[in-house]
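This document opens with one chain alone, in structure tokens, the form predicted alone.
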Amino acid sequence: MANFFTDNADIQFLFNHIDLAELARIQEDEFVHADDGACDYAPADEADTVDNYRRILEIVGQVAGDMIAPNAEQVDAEGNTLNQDGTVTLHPLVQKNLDRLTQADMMGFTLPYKYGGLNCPNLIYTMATEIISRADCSFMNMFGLQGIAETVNAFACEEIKDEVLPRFARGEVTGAMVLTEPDAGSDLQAVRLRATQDEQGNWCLNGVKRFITNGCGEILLTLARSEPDIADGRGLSLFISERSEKVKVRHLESKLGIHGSPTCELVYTDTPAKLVGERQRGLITYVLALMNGARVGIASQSLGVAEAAYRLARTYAHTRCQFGGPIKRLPAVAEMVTDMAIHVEAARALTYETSRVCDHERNNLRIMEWSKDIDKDEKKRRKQLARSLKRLNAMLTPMSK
């Protein structure tokens, strides 16, 4: 079977020509992890890191070509199963795909080494997401939800991170970002699901959420109204809870496609939860950060679908014969196929550059926050860089999507 990484000449070209060495050096904190014993393996220099990225993408490409793509048609035809007890049973082939990526240690793609992750930059994750999406668009909705773990890593307390993130990296859990409601879709300021706190400081959630991708996942990041007296987005906080009998799937949406990804209606009944970060910053800070990453994920998912569609069209043009030969010889058809290739490659270049800028913005902010030996001039330079990268990212991210 094909390897969906090595058989794509344009991904190969971009991988070889983007300055991954510079990105690797920053991502790996100047390679301090190579000897600190924080993990079983950490690269020693730029070349080692870039080679590691290539090996990771080769594994993803092989799994996508050998297993995920051949399973996709049956998964889409049969879908998942809603059980009477409010749980969901994934299609056996979806579970098989998840198990295979877990065995390959691909479920903690961007998480730090200390949690068992691969510590890959978002650019490499974007490449992997495109490859998975080409094989099965619906399965990307599970693989691509690793951004939930990133959000936990960025904003949760150490106790929550230590408890949850290793389980993500080991592939023991999948997650869902539980945002929308029947009357709060694009307008998330209208979220009404209630978060209440008892005298001991414990939180519980009550209400209904709808159109939740992988809402049957084990870890639920839920946007809820913690301040009942504040009607707008300032009254919302972000909570983390685990799948239990206190949160049930009431309905699976009937969709035109992507049937391998369960889209759920959830009912919370006194569901225990923990606050992520600070109160009242759920929408304004945390969800906006989560959604920015999700936008790039949608761009890479679309790239994978476009690449698959282009390859089908190209094969058809080569094999469909009319007027004494394949229709690829007809100028109008040849122009259509050429235009497809150009559009896909242009979109890929834009999306990958967006991911590269996201990585540099995130790493620059991380260095500013954690480094204690930055002098005054360097701190000033990094603040200016942060503003510049933020503006660039704010332009490129919606363009890519």
Ligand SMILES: Cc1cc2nc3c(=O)[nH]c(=O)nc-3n(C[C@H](O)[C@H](O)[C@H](O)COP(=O)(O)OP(=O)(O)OC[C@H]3O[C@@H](n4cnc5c(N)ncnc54)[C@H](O)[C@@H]3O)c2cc1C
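Position 1 is the first residue in the sequence shown; the rest follow in order. Bear in mind that the values here come from a model prediction, so they are computed numbers and not experimental data.
Not pictured, yet referred to below: the form predicted in complex with the ligand.
- Shown here without its partner, the chain carries Ile160, Ala169 and Ser244, none of which come within 4.5 Å of the ligand in the model of the complex through any heavy atom.
- This chain is displayed without the ligand, yet in the model of the complex the stretch 173-181 from 106-114, 319-327, 173-181, 226-234 comes within 4.5 Å of it by heavy atoms.
- Comment: the ligand is not present in this chain, but in the model of the complex one of Asn71, Asn119, Thr151, Thr263 has a heavy atom within 4.5 Å of it, namely Thr263.
- Residue in contact with the ligand in the model of the complex (any heavy atom within 4.5 Å), chosen from Val276, Leu283, Ala294, Ile258: Ile258.
- Among heavy atoms of Thr213, some come within 4.5 Å of the ligand in the model of the complex.
- Shown alone here, Thr269 lies farther than 4.5 Å from the ligand in the model of the complex, counting heavy atoms only.
- The ligand in the model of the complex is not approached by Pro331, whose heavy atoms all lie more than 4.5 angstroms from it.
- Of the heavy atoms in Gly185, some are within 4.5 Å of the ligand in the model of the complex.
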